[in-house]
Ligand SMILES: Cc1cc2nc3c(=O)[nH]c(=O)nc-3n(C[C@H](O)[C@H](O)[C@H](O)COP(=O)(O)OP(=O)(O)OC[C@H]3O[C@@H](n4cnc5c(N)ncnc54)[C@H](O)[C@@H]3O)c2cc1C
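Just the one chain here, the form predicted alone, laid out as structure tokens.
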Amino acid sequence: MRQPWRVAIVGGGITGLAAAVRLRDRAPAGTEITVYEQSGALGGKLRTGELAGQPVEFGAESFLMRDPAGGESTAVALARRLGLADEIVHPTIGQAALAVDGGLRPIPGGTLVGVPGDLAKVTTVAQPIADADRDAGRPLLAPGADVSVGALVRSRLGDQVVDRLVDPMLGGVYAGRADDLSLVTTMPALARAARTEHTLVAAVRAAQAAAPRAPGAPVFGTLAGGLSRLVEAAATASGATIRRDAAVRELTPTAAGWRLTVGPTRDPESVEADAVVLAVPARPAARLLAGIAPEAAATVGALDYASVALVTLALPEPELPELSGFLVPATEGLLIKASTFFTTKWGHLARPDGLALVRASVGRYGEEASLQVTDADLVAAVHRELSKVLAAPLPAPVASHVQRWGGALPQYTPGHLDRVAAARAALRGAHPTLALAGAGYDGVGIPVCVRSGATAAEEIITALGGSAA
């Protein structure tokens, strides 16, 4: 293989940038890395903006501090690599609530994404079916099997636990429904425990014991000044050539690697590369794969996505509860599915003038029609529903912002990881210098995306002949 290597990364979100950083750290000196981003901005769904003179996240808000095994998460490791570890801040208030029966009730502790490890602790919001979670003398989940989260939890604990706890917690992350989402993909720790444990409560406890957390240790973190700092630092540290407004329209295998067709149809540019990391959502990836790996393209392209809108209000001295925010079960019939009291949750954002930033998430999978209204109508609806949930009229906002994320959140149906593994195996066999990375394949959340990008980079390094380390 010729050196220096030329590696093209298609997609300038945190996945693609994490791949670029790993390549810079591990590939031979002189490796040429180019990131092609279709839009004018890097970071994907990491986007820090400003409202009423205050930094606020218009996309992802925070990252997990620990990995599933209890160690430092890849997001924290990346921040450390970029010299930003000392800039990590944590919520000053961690208690959130559920909007049920027209009021707010604290989310019970001791659950795993809403699935209880102690049934007595959840009775304030849901009534589990008595004696349904019986030991049938075999593990809950057979080797290699996958089920929807809702199917498993409903069969063991009943509808209320799903509808009032699990569904809103999964919906806050995926904008999807527990009855549709894969257990193995969305709750891997619980799936592993379910392959050995005979009851759901025992599986939850086993999963929690496998990743112990020190008392008082923070679960979430963000960066002072906003998550766009992570994006900017990663782009700089990678030493990559960043091509914004550069849509990659076609991938063609060549004798030496790959040819990328970049730019508008009327004025295309051909670029040669030894290897390619596809760090874009599943559907654009499928379009690029269609001509070179049609079966993998069909598998990847079948993944569906939910659309959401994030509505942020700047409110003058509102009366807010001492909560980080609240989740809304779909059974409550509200447009909003979650809300975060930013300036309450994150103490470093508190303002002496009492101006509060409150963000609401709107949109569930299959309910995209609810988003087909004007920004002004969304702001009015969110303001009205927040006032209803809080049982007090909120002051009129002095500023507002609506961020729409069309087709933003992947919907992982049962069997998702097996399908992705098969597609990757087929690609690896035919085109080892082409790697897939991103939330569409491996799961949502900043740590998962960072790990996905880094893993793709390692695959490319191996395919091209090894690292410098």
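In case it trips you up, residue 1 is the first one in the sequence shown, and so on. Keep in mind that what you see is a predicted model, and the values were worked out from it rather than measured.
FYI, the form predicted together with the ligand isn't displayed, but the following is about it.
- For the ligand in the predicted complex, the listed stretch (427-435, 414-422, 54-62, 25-33) containing residues with heavy atoms inside 4.5 Å is 54-62.
- With the partner removed from view, the residue among 390, 97, 303, 246 that has a non-hydrogen atom within 4.5 Å of the ligand in the predicted complex turns out to be 246.
- Of the residues given (288, 328, 126, 360), 288 alone sits with a heavy atom within 4.5 Å of the ligand in the predicted complex.
- The closest non-hydrogen atom of residue 400 lies beyond 4.5 Å of the ligand in the predicted complex.
- Contact check for residue 10: a heavy atom falls within 4.5 Å of the ligand in the predicted complex.
- Within 4.5 Å of any heavy atom of the ligand in the predicted complex lies no heavy atom of residue 158.
- Contact annotation: residue 48 falls outside 4.5 Å of the ligand in the predicted complex, judged by heavy atom distances.
- Every residue of the trio 43, 310 and 409 has some heavy atom no more than 4.5 Å from the ligand in the predicted complex.
- Heavy atoms closer than or equal to 4.5 Å to the ligand in the predicted complex belong, across 432-456, to the residues 438, 439, 444, 445, 446, 447, 449, ordered by sequence position.
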